[in-house]
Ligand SMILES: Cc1cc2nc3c(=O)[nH]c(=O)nc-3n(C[C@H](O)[C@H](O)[C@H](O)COP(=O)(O)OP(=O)(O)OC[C@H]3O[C@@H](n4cnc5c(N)ncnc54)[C@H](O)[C@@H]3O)c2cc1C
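This document opens with one chain alone, in structure tokens, the form predicted on its own.
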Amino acid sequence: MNNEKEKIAIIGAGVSGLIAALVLENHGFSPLLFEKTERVGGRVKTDIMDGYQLDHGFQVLLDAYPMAQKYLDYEALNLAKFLPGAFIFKSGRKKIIGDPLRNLSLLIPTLTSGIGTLSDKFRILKLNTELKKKTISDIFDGPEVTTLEYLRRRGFSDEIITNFFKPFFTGIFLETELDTSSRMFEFVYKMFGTGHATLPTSGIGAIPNQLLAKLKRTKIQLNSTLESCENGKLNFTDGSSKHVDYIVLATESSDFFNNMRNQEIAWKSCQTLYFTTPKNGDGRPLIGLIPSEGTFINNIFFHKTLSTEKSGPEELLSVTVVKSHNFSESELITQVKKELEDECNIRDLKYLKTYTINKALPKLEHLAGDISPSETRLTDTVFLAGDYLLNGSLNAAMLSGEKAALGIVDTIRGSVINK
């Protein structure tokens, strides 16, 4: 089936926009894809610096995501798996807590860690069992409280909340008080419990690059910044314009529609700093958590514990900061180095680069797990895509891109039938 007469534009070549293009191609269309930067990927990108792979912020792919399983070729991505657990760093000491049912080597370290009570560990096993049986739709249709309140209602001790749940999920939710909806907690916990946290061996940017490689008929224009959108006319900052029949806005719609200025999306931000260091004393691929109340570091990771396509001569260390602050870059580097020494006993660091991600995750009040194609429709010809429509996850980004594309397909087919 070929639908060349319908002109469809996609604004934004992040994961949502790439999925929308792929779905439209699968239905016979040849969309136009406009991206304001020099490459695809949006928030999901990887740079190479001094031989090291630097993701734009510490990111992982949860391989249990249904949409990732649908659209990504895991074998081609050559996914490297994290162990299901974490290091807990406090005052220079390191302990381990993990899921021994999924990796037996974590049993003794977890039982002897002193992190949480024995009852906490039984409650974690019970939570794992319950969420494996719970469907994603049941999770997002269920009651909604804050994650902190949810954990307290389930009887977890303040100790396990402070030393594990708070730092672990702060790194995922990008907020420090666990105010995020319990729906998101259950969804993410289920994804961790039924699959693995992974990274492509060539970095997180391999995901959009793989999607791009699948596109055969989409025409892509990079370095094309949209200025306004009116009556099917796209006006770009370079003075050019383009008339189209349908539009997928895979970016913030409030940027282009005057009547939506008061509906701008609130965003969560974070910073990731990269360092090199001569060695790492433990070769296990576990995320390191810093639970101490006064620290700015939230989590760390030694990247050579996973297989990587490109790797410099020394160990690569990423450090994530979620708390807001007024430090200059040099002041932040000094503070992070001090905390790495005090809390993690890590020294001999060489600074590489800082990524400040101002729009890392959408700040949402009510979360959803699905959306119908018609619900992505903004006007008769404009459809929206982006994780902000559902929840802050790669799965939601892919799902919204798919549904926006299907919304256009349904509209075109409906108009043809009604003629």
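Each residue number is its position in the shown sequence, starting from 1. The structure displayed is predicted, hence computed values, not measured ones.
Missing here is the form predicted together with the named molecule; even so, the following discussion is about that form.
Q: Thinking of Glu35, Tyr65 and Ile357 as one candidate spot, does the named molecule come within 4.5 Å of a heavy atom in every one of them in the model of the complex?
A: All of them do, each having a heavy atom within 4.5 Å of the partner.
Q: Report the residue, out of Leu364, Val60, Val382, Leu54, that has at least one non-hydrogen atom within 4.5 angstroms of the named molecule in the model of the complex.
A: So the residue touching the named molecule in the model of the complex, by this definition, is Val60.
Q: Just checking whether Thr46 would be counted as a contact of the named molecule in the model of the complex - the rule being heavy atoms within 4.5 angstroms.
A: Close contact is absent here: in the model of the complex, Thr46 is far from the named molecule, nothing within 4.5 Å, heavy atoms only.
Q: Does Leu394 reach the named molecule in the model of the complex if we count a contact as any heavy atom within 4.5 Å?
A: Yes, contact at 4.5 Å.
Q: Do Thr170 and the named molecule come within 4.5 Å of each other in the model of the complex, heavy atoms counted?
A: So Thr170 does not count as contacting the named molecule.
Q: Quick one: does Val248 come within 4.5 Å of the named molecule in the model of the complex, counting heavy atoms only?
A: Close contact is absent here: in the model of the complex, Val248 is far from the named molecule, nothing within 4.5 Å, heavy atoms only.
Q: Looking at 23-31, 346-354, 382-390, 367-375, which one sits within 4.5 Å of the named molecule in the model of the complex if you count heavy atoms only?
A: Partner-contacting stretch among the options: 382-390.
Q: At 4.5 Å, heavy atom to heavy atom, what parts of 12-32 sit next to the named molecule in the model of the complex? List them in sequence order, or say none.
A: The stretch 12-32, when checked against the named molecule in the model of the complex, contributes Gly12, Ala13, Gly14, Val15, Ser16, Gly17 at the 4.5 Å heavy-atom cut-off.
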